[in-house]
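Just one chain is shown here, as structure tokens, and it is the form predicted alone.
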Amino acid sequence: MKEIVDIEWWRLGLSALAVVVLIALSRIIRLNLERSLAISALRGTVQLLAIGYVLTAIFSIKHPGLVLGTLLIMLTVAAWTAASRLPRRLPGMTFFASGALVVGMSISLFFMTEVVIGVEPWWDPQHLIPLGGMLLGNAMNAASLGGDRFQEELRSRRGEIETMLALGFSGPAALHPPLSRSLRAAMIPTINAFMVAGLVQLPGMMTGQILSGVDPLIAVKYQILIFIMLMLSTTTSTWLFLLLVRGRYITPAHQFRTELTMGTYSPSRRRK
């Protein structure tokens, strides 16, 4: 196998020309994305360079505290991002997202590193950080999609939910159809990606391993494991997140809090 070819900094800088082209195209066809394109390219570059140096230090020091601290920071950012993408920010959303992401990531990460791969030591940063990051990133996106869809479902189907409650259905039962549809919608991107893997695209980690000189069959084994664990973590995290969010919309008396589905929510408002 050939060794991976390093990219000289000036050659990497040439890729900025693509951003310039995109900004020019945005201006020509009036997309109004010039600022977003420039900021995302600059911010993403700075963040990736920073994490590159941080990971180099963590990999060289190899201390469990640093590894777990890094995962905690990643979890905090992921939870805040997932909650902030919801159309309606209700109290406790970031906390709910944190709990759901922790459970989903922990189950999948433990199974990957301890049961299947057999990582030694268990906190090996070269396994825990990149694998944990992939699980968190995908679970974060799924939770955001699911939460967004769930709130929209509750808003557009208020009448159906109130009717079911009036007919004697419990709160969880009345809100189950919107929750089920929301979870299904959140899972579609992950399922589709696995379905076309190897036919439409070569997944990122598999491509990176092959470029670094890993045997393609070994890279394929890792990618299959990752896809299966991604489905597990995204489903678990999104399902738990939606269950927790659902609780905000139901009173102890199994009444639907319709005021949370319209207008601007204020914690001081109460259902009469």
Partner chain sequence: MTAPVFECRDVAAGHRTEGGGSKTVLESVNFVVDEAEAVAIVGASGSGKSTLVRLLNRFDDPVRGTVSFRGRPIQDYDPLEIRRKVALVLQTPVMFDGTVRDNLSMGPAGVTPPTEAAMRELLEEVGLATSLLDHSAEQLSGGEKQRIAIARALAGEPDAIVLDEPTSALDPKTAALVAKILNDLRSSRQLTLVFITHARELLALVAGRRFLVHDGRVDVDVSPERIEKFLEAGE
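Numbering follows the first chain given and starts at 1. Nothing here was measured: the structure is a model prediction, and the numbers come from that model.
There is another form of the same protein, the form predicted together with its partner chain; it is not shown, and what comes next is about it.
### Query
With the partner left out here, if you bring back its partner chain in the predicted bound form, are R88, R158 and R257 all within 4.5 Å of it by some heavy atom?
Yes, the whole candidate spot contacts its partner chain.
### Query
How about M195: is it within 4.5 Å of its partner chain in the predicted bound form, going by heavy atoms?
It does not: once its partner chain is placed as it appears in the predicted bound form, M195 has no heavy atom within 4.5 Å of it.
### Query
Do E162 and its partner chain come within 4.5 Å of each other in the predicted bound form, heavy atoms counted?
Yes.
### Task
Consider S170 of the chain shown here, and say whether it contacts its partner chain in the predicted bound form, taking contact as heavy atoms within 4.5 Å.
Although its partner chain is absent here, S170 would touch it in the predicted bound form, with heavy atoms inside 4.5 Å.
### Message
Can you tell me whether V200 touches its partner chain? I mean in the predicted bound form, with a 4.5 angstroms heavy atom cut-off.
### Response
Close contact is absent here: in the predicted bound form, V200 is far from its partner chain, nothing within 4.5 Å, heavy atoms only.
### Task
Considering its partner chain in the predicted bound form, find the one stretch among 162 to 170, 117 to 125, 67 to 75, 92 to 100 with heavy atoms no farther than 4.5 Å from it.
Answer to the contact question: 162 to 170.
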